[in-house]
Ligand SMILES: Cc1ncc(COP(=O)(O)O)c(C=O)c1O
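One chain comes next, on its own, written out as structure tokens in the form predicted alone.
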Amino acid sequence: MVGGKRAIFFDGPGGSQVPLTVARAVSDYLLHHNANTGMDFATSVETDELIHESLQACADFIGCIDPLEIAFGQNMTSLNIQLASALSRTWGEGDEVVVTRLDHDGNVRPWVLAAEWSGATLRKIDVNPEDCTLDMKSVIGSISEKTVLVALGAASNLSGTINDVKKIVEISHEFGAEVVVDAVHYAPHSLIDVGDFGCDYLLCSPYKFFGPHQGLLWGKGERMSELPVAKLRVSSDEIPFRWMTGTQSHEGMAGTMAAIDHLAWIGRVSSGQGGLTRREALVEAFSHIEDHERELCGRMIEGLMSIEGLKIWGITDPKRITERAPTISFTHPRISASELGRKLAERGVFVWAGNFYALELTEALDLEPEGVLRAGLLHYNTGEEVEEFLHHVGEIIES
């Protein structure tokens, strides 16, 4: 509550709100099952069971067959640095690593470092400044027989652009390059299917899809088993545990599973089919979530574009709404993003100002150091909230 009114949470791209079921799952684990793993007493056995159940839930969430191909970690960035460190040990001079100027720095800087560690050359895919999409000529020009890895975001956390992951994976694989996909911003909005993407690795963060602070890494089993990952001598060499260094957040795993089950619940309720498997329910859920969020996104874009001088950075054509996530970033010449964000916060509208670690993009668009104002929609947002937001933005800019 802010000023006696319910707050409007448009800050989801920085971290979503969580359902009560998620909070209860975290609490229940800590109060009734808390233990370390691998022993015969009850809470340790229950923790082992929780880990495997959570891995299965995550496999259902991303569409992979073998849950042991998934590893938990502190967050996406930490896991990606770990992955970059392992892969860099397999590269050398003459190899090339490709990143994009559309990505969050969590899927850029680890690969910059990996190239430096290995002696590989770094290449960057450019963006089209008009609509903040990847320049496909630059994609084709950047990937070659020298490329060993392409790092690609499924969706931009600043412009909302949804990339054609499948096409870029196909181009990369033609040259024998592996592809790592950052699906952090994509995960709360659309169904992940690693089989359909065809990628080699994928990362996402449960705290962006209604869960606790945690990270997920998926990789093809053969590669996850053989890569030279840093681990302790006493740690298991079996996947996924060779990637899960130290004691993990078991309560985080419980919350992650609850978040996935929350999404599955949406699918069962929305479709009226209570007997669906978790994966089937997730397919239904994201179909309904996409419809709801796209409607809200279209209205927000329409309303913002009616404000004189306001510039939206990203796709604005209603016919291309399926090419973007419901994340809208904009600027106005009469007020800075940070000042507009502060005034909206005073009115109980929670949004972000800055570059959101999408530094390559804000530099390419000449938006540093101020950045943009970002409003992110999720399935718990409403049309009434969008209208109130538009009213406040217009009023603040006109004052």
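Counting begins at 1, following the sequence as shown. Predicted model, so just to flag it, every value in this text is computed and none were measured.
Omitted from view is the form predicted together with this ligand, to which the following refers.
The contact residue chosen from Ser88, Thr133, Thr77, Thr147 relative to this ligand in the model of the complex is Thr77, the criterion being a non-hydrogen atom within 4.5 angstroms. When you look in the model of the complex, the only residue of Asn157, Ser329, Thr256, Thr100 with a non-hydrogen atom within 4.5 Å of this ligand is Asn157. Contact here is defined as any heavy atom lying within 4.5 Å of this ligand in the model of the complex, and by that definition not a single one of Thr47, His250 and Gly252 is a contact residue. Within 4.5 Å of some heavy atom of this ligand in the model of the complex lies at least one heavy atom of Lys208. Although the partner is absent here, Val184 sits close enough that one of its heavy atoms falls within 4.5 Å of this ligand in the model of the complex. When this ligand is considered in the model of the complex, His104 lines it closely, a heavy atom lying within 4.5 Å. By the criterion of a heavy atom within 4.5 Å, Pro13 is counted among the residues contacting this ligand in the model of the complex. Here the chain stands alone, but in the model of the complex its contact with this ligand, taken as any heavy atom within 4.5 Å, falls in 200-208 among 200-208, 217-225, 259-267, 112-120.
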